[in-house]
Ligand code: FUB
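Before any questions on binding or motion, here is one chain by itself as structure tokens, the form predicted on its own.
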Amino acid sequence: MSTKVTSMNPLITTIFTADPSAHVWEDGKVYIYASHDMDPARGCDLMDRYHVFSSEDMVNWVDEGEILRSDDVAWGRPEGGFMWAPDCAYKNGTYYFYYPHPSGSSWNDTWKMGVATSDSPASGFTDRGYIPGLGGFAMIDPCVLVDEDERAYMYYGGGSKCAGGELNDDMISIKGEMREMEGLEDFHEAAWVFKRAGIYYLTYADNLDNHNRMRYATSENPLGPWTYRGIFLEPTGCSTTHGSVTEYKGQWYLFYHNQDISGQGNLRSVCIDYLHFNEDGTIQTVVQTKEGVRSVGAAPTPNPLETTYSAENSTVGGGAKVSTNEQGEGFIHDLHLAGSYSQFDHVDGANGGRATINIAYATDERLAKLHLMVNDIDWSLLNALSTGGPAEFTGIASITVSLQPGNNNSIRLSGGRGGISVASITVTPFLD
């Protein structure tokens, strides 16, 4: 059981995530729908493989796994990638996942707003095509607000233009036409709309060169006109900014991203801090912290299906070795050597489907990386933050993947960057 007291920032450290859209659904959990900066990056064009994260206490977060990738989009750009900032909405028993994606190789001229649906908030999504009439040059970053009267509104924009309109009951087509949102000052992208005390708030990223800030405006109507109110998030150290706001268990939060782990503006990490309002409804400047936010509930109970595979259970090759420490505990090392690997075979996937892999490691690198392969499928690079020493096995790199039923799954680790040693992996199939 976790002993974390605060969430810490960045919140998600094993993979790079950005553009968090946060929602609280009827099951009482808060969910983050984030974009995924693939590592190694190449600009922002390789972004792909959306993951969802959930929590019941704001401190312990579950990687729910991947819900959609460009390979699943039949109408999309032939080269894939460009799976940028998404959002999700719930109406009439269905979850609607909205994402921007180009339909052609000339990516910035061919944006469309894709839609995938599921009866579950974090799995089982199937692509349903795109919203007719939306898209075009630089029009990205969808946001959907389902109001208290069940009417739903779509907002999106880029290149200094923000548009909004009402969705039909099918949630995949626009009622009438989109119109430009009036009253916004220095709009760039990243529209997000929420409602508090009868007032609509539209937050967005501005055009400050190479260090966007977040601004906001308010209205008594979901489609404006808007009254500009000011800046509430100063630069995060990242060349972009993008955020969302939600209330959970009586407290308001801002979800955003920075580049504190990587130092690169195209390898970003999700953060959370408190959002406070003044008596007149204006937003106070958000204080960015390393500690993040405090727990608001009990830590999750352990899953009884978890199985740990120690270093001695693996097959090593290419220069990697298994040694034992003074306590007789095994660990895998020299994974950084060219061609080195450690493979765990006969991994039990229970009934198949989602499973979390926790990798126990040690490194004295500020940021080491492991390359993960599961059943010969490339899951790219995983981050391993410093544990303070090469024998301090206190680090956990965690990611949720898909496993086959039974015990014929294989998991292979190889070096990605920097010296790192692995003590074990723990595999925990989901109970669903």
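Note that the structure is a prediction, hence the values are computed from the model and not measured. Just count from 1 along the sequence shown to find any residue number.
Note that the form predicted together with beta-L-arabinofuranose isn't included here; everything after this is about it.
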Contact flag, Ile140 vs beta-L-arabinofuranose in the predicted complex, heavy atom cut 4.5 Å: yes
Can you check whether His257 is within 4.5 Å of beta-L-arabinofuranose in the predicted complex, heavy atom basis? yes
Is there a heavy atom of His242 no more than 4.5 Å from a heavy atom of beta-L-arabinofuranose in the predicted complex? yes
Partner proximity in the predicted complex: Trp84 to beta-L-arabinofuranose, non-hydrogen atom cutoff 4.5 Å: yes
I have Asp39, Ala368 and Asn383 flagged as a candidate spot, so tell me whether each of them has a non-hydrogen atom within 4.5 Å of beta-L-arabinofuranose in the predicted complex. no
Candidate stretches 269 to 277, 314 to 322, 167 to 175, 84 to 92 - the one whose heavy atoms come within 4.5 Å of beta-L-arabinofuranose in the predicted complex: 84 to 92
In the predicted complex, the residue from Leu372, Ile67, Met47, Ile32 that sits within 4.5 Å of beta-L-arabinofuranose by heavy atoms: Met47
Contacting member of Met113, Ala122, Leu184, Ala190, with respect to beta-L-arabinofuranose in the predicted complex [4.5 Å, heavy atom]: Ala190
Using a 4.5 Å cut-off on heavy atoms, which residues of 8 to 31 contact beta-L-arabinofuranose in the predicted complex? Asp19
